[in-house]
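A single chain, nothing else alongside it, follows as structure tokens in the form predicted on its own.
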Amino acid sequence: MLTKYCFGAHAETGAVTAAVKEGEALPYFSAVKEGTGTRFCCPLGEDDVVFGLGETMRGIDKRGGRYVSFNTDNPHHEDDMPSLYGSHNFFILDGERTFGAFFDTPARIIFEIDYEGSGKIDILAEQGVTVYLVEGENANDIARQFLAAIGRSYLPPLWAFGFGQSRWGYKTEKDVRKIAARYKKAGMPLEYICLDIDYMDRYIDFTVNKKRFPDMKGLVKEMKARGVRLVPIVDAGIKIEPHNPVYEEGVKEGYFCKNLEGKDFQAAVWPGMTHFPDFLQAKAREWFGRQYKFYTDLGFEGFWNDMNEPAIFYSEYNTSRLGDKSCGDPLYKGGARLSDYKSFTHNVDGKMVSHWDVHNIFGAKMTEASSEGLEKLLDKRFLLFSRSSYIGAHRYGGIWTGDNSSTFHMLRRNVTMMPGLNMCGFLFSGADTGGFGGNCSRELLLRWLAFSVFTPLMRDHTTIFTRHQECFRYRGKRDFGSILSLRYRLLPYIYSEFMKAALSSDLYIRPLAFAYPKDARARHIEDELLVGDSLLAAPVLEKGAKGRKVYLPEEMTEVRWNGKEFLTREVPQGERFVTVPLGEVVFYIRKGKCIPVGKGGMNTKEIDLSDVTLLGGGSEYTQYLDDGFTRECSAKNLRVLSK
């Protein structure tokens, strides 16, 4: 059951789509007005666990941390870093009192959860906020109710679940062809290649550098015929440049954010000085979405939106490239001067509103604009994922978790972020496999791939300043081919479980505690996850480890993939050490359940989702099966498979 409680006015975020009745007095929390906002406080029991908050650092249990929802272009992903690229203000308190709470506000909000051993949840909403309280039977039930209230997840095409290769630094048609050819020569599957900013003419959106990519339309067609799609990046800023039709139309129609003097705000990103589209205006969103015709006319069917916090290198008010801490958190280490976020405005239903007060929905509204434009331009599902986000954007696209680094710590944080993102609606999510910054070792990339096999978005991405991170460049290519081939063998299960979860307001990835609430040990496990209804993933997360200890809450089927075949055995409930060589993946199938595995292939064009074998101790599996492109998705596409 959901009930909402209003504390002051704020711009609508569009996060909640269900009709929810308003309550009179907020239970569980005390609420005290503080400045222009409200401070909330809730006591914590000693054994309470707090799940959620989406894209935040620390573990699955958020106790002990301070989290600041203020979307930030911040590659410094230490555990004490309070802000990342998204704001996902929903959490579940699981204990003697079990409830969920969503603090819906587009402005800055601070969560301190048993911070410094306070024994309480302390929340400061700096502006108006609507609190949605969710009560139910248990944490899993509460999460499902919340997902139903915020609307169905974005549905990607089947090919979006394939393996993608990306790098800031693919600068020419030759580079793209070479990457595809070397994956094929190595016998490794490859589904798509992402194009970073180098494909553009001087880093300007909706352009192509004709010297580097003289025939982009031909290249897209050629690569697609080989089974490899191309996915271009799109940034948030529009280059200030006369005779650029996108720029000129935006100025003429008033589609850009205004500065303090009422003129179009100017800030520098990759192409130099730009204007930011006012994505809070419906007409501006519709205009921006139309611009994707430039890409769809070239044959593109997938896109990734970036720099949409929005990232600012410098502005008309602050010409220095050095950041400051004057308006933000003392731990902030991003590149923007946060005072710039108080220097421009949005037109919200005819009222000029400071960007500072609606900052956290800017990137979400860009995703909405892109998605709605693509819905009109394409007659099938498309790939779309974004860096900045807010709850509600999950209906329009997926996300990746931003500019992480090549460390085992970041791999662990990839694992712990996934359940929280699912609780907040972002089923289609994943990290930069191998790490964006830093030089990824062979061992780390193999261990990371062995986890990314289970995440819906599986993309290897790195920056131009690091070693090349493509799988074929490392010694022992057989190990990499083994794990990539497993992804394609598991696609009948991964695709089916994702689609079933999205269509039934369920989670694709969840903590063990959600399925085993009475198992005291399972409630606190942070390095094992349930993937879909039937599978338990227990990745190796330590450098130099030969394997790991695995705790099973019940008897399960252990499955070992060695690159050639699935080896299975029944194992009892309890803890054991499991040896996992590099290049192998070990996972578990829950008691009484089974999963479909296919024959694999080099890309999804070669995959037959209906030609499967069932693994596990169960006798039946309900599979979601369609053509992978159809927009109309429903329970009519379910079929029961029997051994």
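Computed from a predicted structure; not experimentally measured. Position 1 is the first residue in the sequence shown; the rest follow in order.
Form predicted in complex with a small molecule: not shown, discussed below.
*Asks:* Whether I233, W270 and F436 jointly form a contact site for the small molecule in the predicted bound form is the question; each needs a heavy atom within 4.5 Å.
*Replies:* Each of the three qualifies.
*Asks:* Can you tell me if W400 lies within 4.5 angstroms of the small molecule in the predicted bound form, counting non-hydrogen atoms only?
*Replies:* The answer is yes: W400 has a heavy atom within 4.5 Å of the small molecule.
*Asks:* Would R337 sit within 4.5 Å of the small molecule in the predicted bound form, counting heavy atoms only?
*Replies:* Close contact is absent here: in the predicted bound form, R337 is far from the small molecule, nothing within 4.5 Å, heavy atoms only.
*Asks:* Would E470 count as touching the small molecule in the predicted bound form under a 4.5 Å heavy atom rule?
*Replies:* No - in the predicted bound form, heavy atoms of E470 and the small molecule never come within 4.5 Å of each other.
*Asks:* Just checking whether D94 would be counted as a contact of the small molecule in the predicted bound form - the rule being heavy atoms within 4.5 angstroms.
*Replies:* No - in the predicted bound form, heavy atoms of D94 and the small molecule never come within 4.5 Å of each other.
*Asks:* Choose from 260-268, 195-203, 446-454, 548-556 the stretch whose residues reach within 4.5 Å of the small molecule in the predicted bound form, heavy atoms counted.
*Replies:* Looking at the partner contacts, the answer comes out as 195-203.
*Asks:* Find the only residue in H275, H461, R108, R489 having a heavy atom within 4.5 Å of the small molecule in the predicted bound form.
*Replies:* In short, H461.
*Asks:* With the small molecule left out of view, choose which of R387, H394, K365, H88 has a non-hydrogen atom within 4.5 angstroms of it in the predicted bound form.
*Replies:* Of the candidates R387, H394, K365, H88, R387 is the one lying within 4.5 Å of the small molecule in the predicted bound form.
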